[in-house]
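Only one chain is included here, represented as structure tokens and corresponding to the form predicted on its own.
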């Protein structure tokens, strides 16, 4: 043990998470709260496998994501397997292959960890915890609005109030790009510059492409299309392309529906938000909390994914990063709720049978009970266990006598066991 402590070798692979008891309880609380919102909307939880055959799941994953995946060989048949780097393609596979005959729409939710290789110097987690949901089989704006509404309700239910959901529309950007006539490599550079919101780089690439000033102005203007309803009107005036205007009309409908539901303070429009351009096919969104530099979650429409595993099916969904959600939750609350404490049941006469009988009775009544069999007096018990996360000590003193001690206040009550039990 000493040798291991003194070693320069890391004790845990970089980027992997460890949750000690208090943090684990908080994590589970957040997961259960978010899932309860999904369930209240009629979603059903699924549990996807932690790894898949590479040749199957690769149909629904980008090259970048596959590159980050951890791969290994199935010792039974020699096929390559992939430790899941994302859950949504798994849900798409399940919907297409295992639930093809189930009436649509499907409303599915999940909580799962995913694994992605990141360079050590990048400082990013390699194990991520996702809580998300997918709505499969609805193509109308009501589906887009539904998943965004669930994200808002989930954040509010866990106690977050200072957050924003930035709505984008990749079809608007895609429509503009299709009308530019740029070479594919320049299109990629334009996309990268818009994602980074790098105005100077964008101007440089557009100039390199020799675009007419009017078209260059359309693309550059995207970086300023950030705000409320007026953003859609500004974008509408930039182009008459049918694809772009259809995309804006869809965004307007969803945005106004969410505002009518009373969530205007949490919504913004950002038409320069085009991450996942090759994956998403419509409205997308990202969730941001105050003073947290990374998104709490993201999602959007991906109508092309399910069809890669079977029959095409319109789909939309999102996932929270549970760890970032927990950071935001702790930061917002300041002092997070205390870990539920236990009743420490102490049998000072070392009567194991009596200890087990009373502990069982308490657990049947819903108490969390830790059993302790040791001779000690009240002062020794308080000294040892006060401040150790134990809320109350229940000390059996022989016969029907007992002492109930509140470890927070130090108060003590002596009496008969049935009377003291009623005060727990």
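Quick caveat, the model's predicted, so the values are computed rather than measured. Numbering follows the first chain given and starts at 1.
The same protein has a further form, the form predicted together with a further copy of the same chain, not shown here; the description that follows concerns it.
From the list 94-102, 315-323, 189-197, 287-295, the contact stretch for a further copy of the same chain in the model of the complex under a 4.5 Å heavy atom rule is 94-102. At the 4.5 Å threshold, heavy atoms of residue 146 reach a further copy of the same chain in the model of the complex.
Contact annotation: residue 126 falls within 4.5 Å of a further copy of the same chain in the model of the complex, judged by heavy atom distances. Although the partner is absent here, residue 352 is a contact residue: one of its heavy atoms lies within 4.5 angstroms of a further copy of the same chain in the model of the complex. Among residues of the shown chain, residue 401 is not one whose heavy atoms approach a further copy of the same chain to within 4.5 Å in the model of the complex. Put simply, of 381, 35, 358, 396 only one has a heavy atom within 4.5 Å of a further copy of the same chain in the model of the complex, and it is 35. The single contact residue among 175, 209, 85, 141, judged by any heavy atom lying within 4.5 Å of a further copy of the same chain in the model of the complex, is 141. Taking a 4.5 Å heavy atom cutoff to a further copy of the same chain in the model of the complex, the contacting residues in 46-76 are 46, 47, 48, 49, 50, 51, 52, 53, 55, 56, 59, 67, 68, 69, 70, 71, 72, 74, 75, 76.
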